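Only one chain is included here, represented as structure tokens and corresponding to the form predicted alone.
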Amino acid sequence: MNDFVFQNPTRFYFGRKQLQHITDELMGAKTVMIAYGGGSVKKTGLYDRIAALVEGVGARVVEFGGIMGNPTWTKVEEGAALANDEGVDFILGVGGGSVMDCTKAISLAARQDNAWKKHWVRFEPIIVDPIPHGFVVTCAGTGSEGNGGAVITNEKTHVKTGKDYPELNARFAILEPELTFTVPREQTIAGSYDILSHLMEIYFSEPVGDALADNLLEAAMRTVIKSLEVVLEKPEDYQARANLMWASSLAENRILKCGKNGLFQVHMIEHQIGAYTDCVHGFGLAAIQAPYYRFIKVTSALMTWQLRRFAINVWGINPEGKADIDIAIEGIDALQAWTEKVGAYRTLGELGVTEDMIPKIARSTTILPMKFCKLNSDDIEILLEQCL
């Protein structure tokens, strides 16, 4: 197990009837921006319920909607300008990962000049106090409610990037599984695949072995796989929705990353796919996840060993009488079969990637210093061509 420092200042309110805690958390706030996405929070009446709670503590509400699935820096700047013009002293993000990421970025950009270059390009330390913020989570997927990461797309430079800054952790996060009952099927699938991908990328990082982290990650992966299958049959199954929501938070609130390197190479590739196509993040991951592991399966004995363990402990592959590499391949095949079974699989072509984009995506992808394998831009280009 690697050395680590664990820090998470966010307070999590999980379960039924948790919205009432908004009044506890916002005491003293004077002007609260409610940030949201495409408008479903208004159709369901959730926006009005939350606005009433905010006004109940004597605060004025400032509305900021229209946050897109892959939030752009232009949208961040728009929100930061509004926050400054209206004297916002608290931001309440209501939605899924895109809303939460955009909220965090707004909270910093409103207080920091030239924030994109300083904190999303050069990754400089934060030396200002971002606007305090909190979340009401309506979709399980990114786990953004539990960290300080904000993945933002600069549509002018075709760069999609982010970094986990503890200073951007939310003050609180409200997780009511029932709020996810009305999430559209496609969004539920994409979000759940994002959870699984987060868990896998932590799992397939060093160190490997019978460590506490790997055992916990295997349990979490099995839970996501089973829970999504249940939800697709019974969208209002509370326990399955609750499992997905908490697994999402656990995957990204730093707990399961403790002791692991947690290098997210699949995410780095997908981020650039998204930067060029604006595709749904979870489906972008699903297009390259199994092909990626198939591509690197023999890059080291450690990778083969961990893929073998993944096959046996997550997918239930019988190892008797089989070589390690064959077991590993069966596990990758099981992942691909499940990806197709739950409706997550798309080719890159279906997601909008064209042949001329592939070299640009490959050469703009961040290459992480993974010990399992040493990829280069040419490798990523080959992988992308195989997924087209």
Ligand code: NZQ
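Just so it is clear, the structure is predicted and the values come from calculations on it, not from any experiment. All residue numbers refer to positions in the sequence shown, first residue = 1.
The same protein also exists as the form predicted together with ligand NZQ; that form is not shown, yet it is the one meant from here on.
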P71, P184 and H281 each touching ligand NZQ in the predicted complex (heavy atom, 4.5 Å): yes
Does L217 reach ligand NZQ in the predicted complex, with heavy atoms at most 4.5 Å apart? no
Are any of the heavy atoms in L179 no more than 4.5 Å from a heavy atom of ligand NZQ in the predicted complex? yes
Non-hydrogen atom contact G38 with ligand NZQ in the predicted complex at 4.5 angstroms: yes
Under a 4.5 Å heavy atom criterion, is Q272 part of the interface with ligand NZQ in the predicted complex? no
If the cut-off is 4.5 angstroms on heavy atoms, which of these, N147, S205, Q289, Q306, is the one near ligand NZQ in the predicted complex? N147
Taking ligand NZQ in the predicted complex as the reference, which of H119, K160, H133, K260 has a non-hydrogen atom within 4.5 Å? K160
At 4.5 Å between heavy atoms, only one of the stretches 357-365, 338-346, 63-71, 322-330 reaches ligand NZQ in the predicted complex; which one is it? 63-71
